[in-house]
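Below, in structure tokens: the form predicted on its own, a single chain.
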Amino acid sequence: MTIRRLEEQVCRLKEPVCQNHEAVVIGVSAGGMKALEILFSRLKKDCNLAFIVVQHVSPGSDEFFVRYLNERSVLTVKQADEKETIKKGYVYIAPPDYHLLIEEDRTFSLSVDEKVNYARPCIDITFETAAFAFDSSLIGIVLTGANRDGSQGLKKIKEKGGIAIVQDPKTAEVPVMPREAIHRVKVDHILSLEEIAVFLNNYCRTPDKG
């Protein structure tokens, strides 16, 4: 589906489909910096959601990645902190070498438990804990990457009534992770990065006041 066709489809709807959604969890690995730059540089300020990103990075990584995205997004991009309350309008990045968990009171917890899917942070852990915290008000997105991390967590999001979106493997820098997610989960949408941005901007914008 092209961006124009997606926009036309959105315009035919009287109400934003995702108006009751509160948060988006995004899992990404190899090729992630470019993918996230494309996505977040296209999101509008009135995209009224909290974004939680798990990017596979090396343990010694600094906050360059956070600063880089913050300069290219109208939303505030920051590293997630222990016990921090999740707020709409922010993009939270999982810190390197910690699993990022979402508690039932919608705060973050950081864990140094063993690696899962050869990764810490692990996408599945964040997705699964977010699914329990946000229930059906969650959107899960799997982007470019080289392993199967995120598939199990995306499945849990679907089971809890959330929306599952996967980057079209044909547009991914590394298509393995999106393909695994599509293979293992009955996803709702398979879109390019640009189309994902259009989807979020149109379906999840702040309702007009009147």
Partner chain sequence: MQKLKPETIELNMLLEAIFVRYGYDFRNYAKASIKRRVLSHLSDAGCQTISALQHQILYSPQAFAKLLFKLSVNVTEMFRDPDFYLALKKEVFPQLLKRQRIKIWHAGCSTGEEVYSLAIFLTEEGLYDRCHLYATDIDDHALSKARDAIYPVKEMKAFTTNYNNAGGRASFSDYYRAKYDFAMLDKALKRNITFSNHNLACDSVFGEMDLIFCRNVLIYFNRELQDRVIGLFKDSLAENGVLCLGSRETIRVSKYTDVFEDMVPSQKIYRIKKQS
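Please read these numbers as outputs of a predicted model, since none were measured by experiment. Residue numbers count along the first chain shown, from 1.
This protein has a second form, the form predicted together with the partner chain, left out of what is shown; the following refers to that one.
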Open item on the list: Counting heavy atoms only and using a 4.5 Å cut-off, do 40, 71 and 74 all touch the partner chain in the predicted complex?
Closed with: no
- [ ] Heavy atom within 4.5 Å of the partner chain in the predicted complex: which of 63, 173, 159, 46 fits that? Just give me the one.
- [x] 63
TODO: Give a yes or no for residue 139: in the predicted complex, does one of its heavy atoms lie within 4.5 Å of a heavy atom belonging to the partner chain?
DONE: no
Open item on the list: Residue-level question: is residue 132 within 4.5 Å of the partner chain in the predicted complex, judged on heavy atoms?
Closed with: yes
TODO: Using the partner position in the predicted complex, report whether residue 91 sits within 4.5 Å of the partner chain, counting heavy atoms only.
DONE: no
- [ ] Report whether the minimum heavy atom distance between residue 101 and the partner chain in the predicted complex is within 4.5 Å.
- [x] yes
Task: Contact set, 73-103 vs the partner chain in the predicted complex - heavy atom within 4.5 angstroms - done: 79, 80, 81, 82, 83, 95, 97, 98, 101, 102, 103
